[in-house]
Every structure is written in C-alpha cells, then in structure tokens.
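One chain follows as structure tokens, the form predicted alone.
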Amino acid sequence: MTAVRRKERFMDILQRTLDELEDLRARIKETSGFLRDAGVTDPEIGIVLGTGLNDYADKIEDTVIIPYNEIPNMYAGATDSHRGQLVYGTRHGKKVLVMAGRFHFYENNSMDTAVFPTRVMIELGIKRLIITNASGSINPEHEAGHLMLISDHISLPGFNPLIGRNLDEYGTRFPDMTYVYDRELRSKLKKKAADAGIELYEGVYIMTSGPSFETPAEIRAFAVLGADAVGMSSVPEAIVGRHAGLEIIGISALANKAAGITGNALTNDEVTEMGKLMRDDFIKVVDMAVEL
C-alpha cells in the first residue's frame, strides 16, 4: 500500500468516526426532543430498573408512560422480565424518569445502544442516576435475598461505552473513575436503611457480557479479582453517568449464589422470582435513594 493510499484510508476512517459521532448527537437530540414534547420536562433523577425489579415503576405518581417502541431511536429490548416502558412522573416530590427495563449489551452487541437511554436522560437534565440490577452473589458472606450497594465495579476489557469519539459536551475524554458511586450518598443510604431495619451489604460488582451465566471457574477468578457480585449490566450506564458528572447510586439485588458455589444450575426464572421476593425492601431502598 502506497503512502498516499494509507493516508486516504486513514482519512476515510476518520471521516466515518466523525459521521458516527454526529449521527449519535442527532439521535440523542431527536429522542430527547420527542420526550419533551410528550411531557417529560426537567427530570431530576433517572432510575434504571433491573431484572424482576420493574414494580417500582408502579409507585410513580402523575405519570407519563411511553413504550420504548414508540420512542424514536430507542431499541425495544427482548428480555421477558423487562416491561419496555419509560415512566416519567413524581416520587417524594422529585421529578423522576424511570426505565422499566434496560437495554442489555448481549441483546444487540452494541455499547452505544445499551447506554443510549442514559445519554438521553443526561440530555434531559438529570443530576442523579440510580442504577439497579439483579446479580449473583460471589462473596460467601453475602446471602441471596439481600440488597447490596455497589461501592465500585470491575469493567472487563471491551465493555467501555466511551470507546470512540468523545461527546465533549457531556464530559472529558479521560474521566476519572476513582469514585463512580457517590460515597456520601452511600453512607446516608446505609444509615437510612439500617434505621428501617434493612441490612444493606456493600461491595464490588463485576459485569460479564451474558447471556450465558458464568462458569464456576470464572466465578473463582472474579473472587480473586475482588468482586462480590456478578451481573450482565449496569457498568456501561455507570461509566456514561460518571463521564457526565452525575451522582450515581448502584443497588444490586442478590438473586442467587453465583455459579459453582451451591452446585445448583442457574436459571433466569430464579432471578426473576427472587426479585419479586425482595420487592418490598427494594422499593423502600430506592425510595430512600430518591429522597436523599
């Protein structure tokens, strides 16, 4: 390949990345504009509800409910345990925007798609992001059926949604990830939960791509890395939220013991059912996170 051809190829790649960035900007603007016209105005808090945890959306008052498949540029996820609705309204005097069902990386093999709703919420003006999920417990001291505040996460290679051209209007090219999950809010939330008689674990969450559950060997490796729980989501949203300077709270519902710990096979039905069993405590803790 000649020097001239190499330069032409480089310029072609550069132009494609610029075009992709402008397309992303345009889609964010189009979707946020649609939602404003639909009545979603000045949300303060964004909430992402995980597997088996969608019932919190029923607690929102004065709601505007929009199915994902009616929103331009929004991918309608195919996971049965997710409602696929955007719910806007008020809760404890705060304007909240709730994703009743998230977009998983494993559904579309695209980080941009997985975090697109979070970027739209940022464009709409949220200041706090509450991310929830159902996960498998790795820490032997953390029993299934409990909630865990995420103190930090482990992002495996290739799972960073900031790869590619930077959206400078939202954050710096190299955002600091030392304190992704707000320390002060975590401290306050743990105290409020304890006062209400709810035990909140605290630990490190690691994300895998899914959709297959992890192998026992992988779980042993994750334990060595320092992970307390494992799941298939949340990290991309947290990275994008941190990039934009949001206050972030992560709440993980420990639905089961991770692969190989009990010797039992894992199923998504088990995850969903445990989410329902934790429903009351989960709603209380998310409400506390809204009120902070």
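Numbering starts at 1 and runs along the sequence shown. All figures in this text were calculated on a predicted structure; none of them were measured in a lab.
The discussion below concerns the form predicted together with hypoxanthine, not included here.
Using a 4.5 Å cut-off to hypoxanthine in the predicted bound form, not one of Y181, V235 and G250 places a heavy atom inside that distance. Considering hypoxanthine in the predicted bound form, the lone stretch of 122 to 130, 213 to 221, 107 to 115, 157 to 165 in range is 213 to 221 [heavy atom distance within 4.5 Å]. In the predicted bound form, hypoxanthine sits within 4.5 Å of a heavy atom belonging to N256. Contact annotation: V98 falls outside 4.5 Å of hypoxanthine in the predicted bound form, judged by heavy atom distances. Among heavy atoms of G136, some come within 4.5 Å of hypoxanthine in the predicted bound form. In the predicted bound form, V271 approaches hypoxanthine with a heavy atom inside 4.5 Å. Checked against hypoxanthine in the predicted bound form, the residues V230, I45, L35, I28 give one hit for a heavy atom within 4.5 Å, which is V230.
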